[in-house]
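To begin, one chain is listed below as structure tokens, in the form predicted on its own.
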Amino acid sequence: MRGGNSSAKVFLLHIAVIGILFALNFILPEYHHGVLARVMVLSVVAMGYNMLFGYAGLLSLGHAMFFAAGLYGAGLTAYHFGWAMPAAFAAGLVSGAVLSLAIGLLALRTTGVAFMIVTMMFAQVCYLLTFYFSEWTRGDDGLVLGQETRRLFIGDFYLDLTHPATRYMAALALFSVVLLITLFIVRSAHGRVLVAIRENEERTKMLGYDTFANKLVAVVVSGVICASAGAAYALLFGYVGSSFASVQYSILPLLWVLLGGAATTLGPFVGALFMYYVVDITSSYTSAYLLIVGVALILLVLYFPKGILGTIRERWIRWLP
């Protein structure tokens, strides 16, 4: 009975968060409205990273390549071939799935620090490829998707993703779907196996589980989630550039997850939101904003060693997922 009550609380909490974000669409000022739409998309990247790092215990420094796979998969097909948004978004997802499967099959032959280094090397190769094929990608200059490319036609009607309210709701839709899928996965048998692998892989093998297969599924799911964020970013914000494939976008999801709380479903969003606004607010007052951000992060680590939601779960609210 207690388990049922806990499950109901968890589900209602996630629905409440989605409901609050929906209501904010109608009351936020224009600037914060745009910021929150961007944060929701980027927090999806952190959710994908959390699936691999938080639950499976695999430290990757290459998730920028999965985000970039979705970004370029959607952006290039929409820009060069004129594909409609649903087809372009699907191309981004397929790109992420194929790349994550290939990387998983190779990188999972290593463990620990070696896994981290291998993923970083693959990500750097993908980053350099965006410059090598600059005739298509335009490198750092990037591609700007026109307004006509970012319209979703439904019969005689269309949704214009350049409109702030439509863009916000599309970002919320992606965020909501990925959040609920993540919640379902981590509370499923597969999610429990991933946690067992994180805690003691050898013992999990002794219990008869195929740890390689479970980790490969985690890599692919993580990659597809990150690719969905990349595809959405290209179509919602209309820009595709090499900077999104740089190592910075491999480190940021790790930072967001650690700040919000690894192995918590809402932690990636909390971490991304906190980090974005700390940087945004401090940079408006001083050019030395990184120093202030560093101090804030040190204080957060000292008083919330398991991240914001991770520490809250450990100390006060045990049923937080």
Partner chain sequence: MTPLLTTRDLRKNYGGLRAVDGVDFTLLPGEIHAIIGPNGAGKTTFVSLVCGRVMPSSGTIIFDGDDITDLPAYRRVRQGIAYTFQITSVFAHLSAYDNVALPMQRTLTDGRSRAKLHAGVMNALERTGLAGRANSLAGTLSYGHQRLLEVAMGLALKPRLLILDEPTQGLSDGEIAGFMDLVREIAQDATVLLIEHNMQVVMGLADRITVMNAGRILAEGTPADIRANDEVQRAYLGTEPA
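None of these values were measured; they are calculated from a predicted model. Residue numbers count along the first chain shown, from 1.
Another form exists, predicted together with its partner chain; not displayed. Remarks below refer to it.
Within 4.5 Å of its partner chain in the predicted bound form, heavy atoms considered, which of Arg151, Lys205, His163, Arg138? Only one option qualifies, and that one is Lys205.
Name the residue from Met85, Val220, Ala196, Leu145 that puts a heavy atom within 4.5 Å of its partner chain in the predicted bound form. None of the others qualify; the residue that does is Ala196.
4.5 Å heavy atom contact, Leu128 to its partner chain in the predicted bound form: Leu128: no contact with its partner chain in the predicted bound form.
Proximity of His80 to its partner chain in the predicted bound form, heavy atoms at 4.5 Å: Heavy-atom contact with its partner chain at 4.5 Å: absent for His80.
Just to confirm, Arg109 within 4.5 Å of its partner chain in the predicted bound form by heavy atoms? Arg109 lies outside the contact set for its partner chain.
Could you tell me if Ala189 has a non-hydrogen atom within 4.5 Å of its partner chain in the predicted bound form? Ala189 belongs to the contact set for its partner chain.
Option from 171-179, 227-235, 208-216, 128-136 whose residues, in the predicted bound form, bring a heavy atom within 4.5 Å of its partner chain: The contacting stretch here is 208-216.
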